[in-house]
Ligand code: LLP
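Shown next as structure tokens: one chain only, the form predicted alone.
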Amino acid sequence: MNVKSDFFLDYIGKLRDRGVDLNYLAEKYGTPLYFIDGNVVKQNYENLRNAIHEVYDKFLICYAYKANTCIALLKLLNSLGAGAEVVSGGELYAAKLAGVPMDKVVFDGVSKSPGELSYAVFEGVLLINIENIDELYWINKFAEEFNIKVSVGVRVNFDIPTKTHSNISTGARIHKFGLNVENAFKAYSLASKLSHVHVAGIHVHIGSQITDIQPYSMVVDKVLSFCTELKKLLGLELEIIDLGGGFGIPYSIEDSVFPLNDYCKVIEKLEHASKEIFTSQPLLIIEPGRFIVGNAGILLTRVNYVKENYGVKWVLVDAGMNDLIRPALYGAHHPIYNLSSNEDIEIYNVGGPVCESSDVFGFDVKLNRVKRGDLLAIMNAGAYGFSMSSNYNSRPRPAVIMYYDGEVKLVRRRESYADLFSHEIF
């Protein structure tokens, strides 16, 4: 193994010390199997909440539902005080199922349908962040029908580049997200004239899996400058500043850890400057997803076969890209461990059963010698794992179990073949 301290292995050891036997769980519930550690979720949430509380009084952490919408997980976060950041009608419905108060729900999304906007207006969410000027007409129309006034924000694209994968960068001029500064001013001007719209906030989100603090510092500077101009030119004083999320996590022992202390210094800068711009302190909203749940999830998968092709050793497992698509979609790295072997290290490619050459979880992976039937753990699968899963190749999606407060419970049953075709009309 790598001579550096391996915190992924350390974590597996800690689970074992607490009586959580991943091999036993895989035997009991079958594989592929998603494991969620609710204790890690709680720790991540509380670490973030406590750090921000040190520098800013009025804030709300709205967990980004796109990372993982397991209802048991959402209910846990709701019990801890988290709000919800949703980007679809389905995610809004999930928030309702989890019991999240609607005044703690933020509705985002670059292409919200009229039906989704009507749903969000009817439910009375805290804030709808618009990304298209025409959204305002729909929101005003529905709000008038329901005889309510709806709080809106505008997602502004300040053209801020980030050091992350191009597919998960969202804040530069080439991206579909948000409105440029000129059009954002037009949106605020229009919103201020609509009878059933209340101009409340500003929203920015620059991407995902970001570990560099500089873009966040730039964002705060841009937001403060924009709010100053908005007050000066349109007489609008915003009540909510939504800085989005995107905080990265380490996917290898060489990766950087998100500099939370430095981020809090950026928030502290916001706190000081806001006193000069706003009559009262704005509500700060942040929308972390991966940072809360990413390292709390493991995908357990059983080895079907081991073979050698042209000098390359392949481990072929029962999980596929339909269960965890990040490696195929982004070339993402997930640490992989053999939980069934203490033998010498060998080098393997790890692939799944899906009929695509991209169905590979890792190339040149160092694993304790693998044999058929061994159990592998694919780490850091808590975010954008199950939530991006599919039934490609007519494969049922895995079961999900959750460990919290000393208990392991099944929180989502494994899909059956019948489930795959339950909506077909024939």
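All residue numbers refer to positions in the sequence shown, first residue = 1. As the structure is a computational prediction, the values presented were derived from the model and not from experiment.
Only in words, not in the display: the form predicted together with the ligand, which the text now covers.
Using a 4.5 angstroms threshold between heavy atoms, residue 42 stays clear of the ligand in the predicted complex. Although the partner is absent here, residue 246 lies within 4.5 Å of the ligand in the predicted complex, judged by heavy atoms. Residue 323 falls outside the set of residues with a heavy atom inside 4.5 Å of the ligand in the predicted complex. Using a 4.5 angstroms threshold between heavy atoms, residue 66 counts as touching the ligand in the predicted complex. This chain lacks the partner; the member of 338, 301, 295, 208 within 4.5 angstroms of the ligand in the predicted complex by a non-hydrogen atom is 208.
None of 282, 352, 288, 178 but one reaches within 4.5 angstroms of the ligand in the predicted complex through a heavy atom, and that residue is 288.
Heavy atoms within 4.5 Å of the ligand in the predicted complex are found in one stretch of 139-147, 200-208, 314-322, 274-282, which is 200-208. If you take 352-391 and check each residue for a heavy atom within 4.5 Å of the ligand in the predicted complex, you get 384, 388, in sequence order.
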